[in-house]
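Single chain ahead, by itself, as structure tokens, in the form predicted on its own.
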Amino acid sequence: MPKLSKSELVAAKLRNYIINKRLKPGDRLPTEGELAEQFGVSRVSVREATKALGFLGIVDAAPRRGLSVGKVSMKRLSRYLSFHFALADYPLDELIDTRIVVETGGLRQVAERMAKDPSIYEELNAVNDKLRRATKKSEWLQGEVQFHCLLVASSGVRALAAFNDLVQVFFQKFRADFSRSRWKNGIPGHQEIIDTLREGEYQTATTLLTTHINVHRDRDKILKRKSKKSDAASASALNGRSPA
């Protein structure tokens, strides 16, 4: 694990201070000087830490008013999380596991909200109908992202929706793996998931969605097996070749 800088250590201490004191957005924080004395660091380190936390919305610094607890923007956090996922070379299995946790995590809430508001089902159904009419891969990818993001957002759980950009990153990174037959086969899966949610059977929908996402894992295993066979065949041909 990389060593944390002094300002990162101060930022961690300040986050813990906010949590332990059970402070809320708008609550005043100690001054830079008081925090420096309390944490045993320089005011420069405190200032760097508060600037970093201010960028994320955790700390609000205003002239003459001093430091206070900010209101974290989940949209802002999600943008930088997606940027991290796009740059980091995470294995496919880890990205799939993350998608399963995020996308299935709010299905109970989707089913409950759908029972009270039929328009949630209608909106998801409309997106899936649009996917049926897609003729280009780019159209399908856009619709696929829209469907899965809308499914998460329909839970009403904002903390989950903050990870929705991960879905877009996933499809961008692995778009070469999506064939026409793949997307046509996925549409009935979407329909079964939302029909099951409309019936209130969110546990069954969880199993269906997990299987739906795991198709990418199964496809990856098939491609790896084919690659190994191809490599083995090439090596065998080379070994059996007569010297020139």
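What you see is a predicted model; the values in this text were computed from it and never measured. Residue numbers run from 1 along the displayed sequence. C-alpha atoms forming the largest set that superposes within 1.5 Å between two forms make up the rigid core.
What comes next is about the form predicted in complex with the DNA, which is not displayed.
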Problem - Residue among V44, V215, I187, L56 with a heavy atom within 4.5 Å of the DNA in the model of the complex - result: V44
Problem - Within 4.5 Å of the DNA in the model of the complex, all of K3, T31 and A62 (non-hydrogen atom) - result: yes
Handout entry: E48 within 4.5 Å of the DNA in the model of the complex, heavy atoms
Key = yes
Exercise for the section: Classify G26 as contacting or not contacting the DNA in the model of the complex by the rule of any non-hydrogen atom within 4.5 angstroms, answering yes or no. Expected result: no
Problem - is_contact(G66, the DNA) in the model of the complex, heavy atom dist at most 4.5 Å - result: yes
Problem - Large Cα shift (2 Å or above) at R47 between this form and the one not shown, core-fitted - result: yes
Problem - Rigid core superposition, A205 Cα moves 2 angstroms or more between this form and the one not shown - result: no
Practice task
Kindly check if the Cα atom of G189 is displaced 2 angstroms or more between this form and the one not shown relative to the superposed rigid core.
Solution key: no
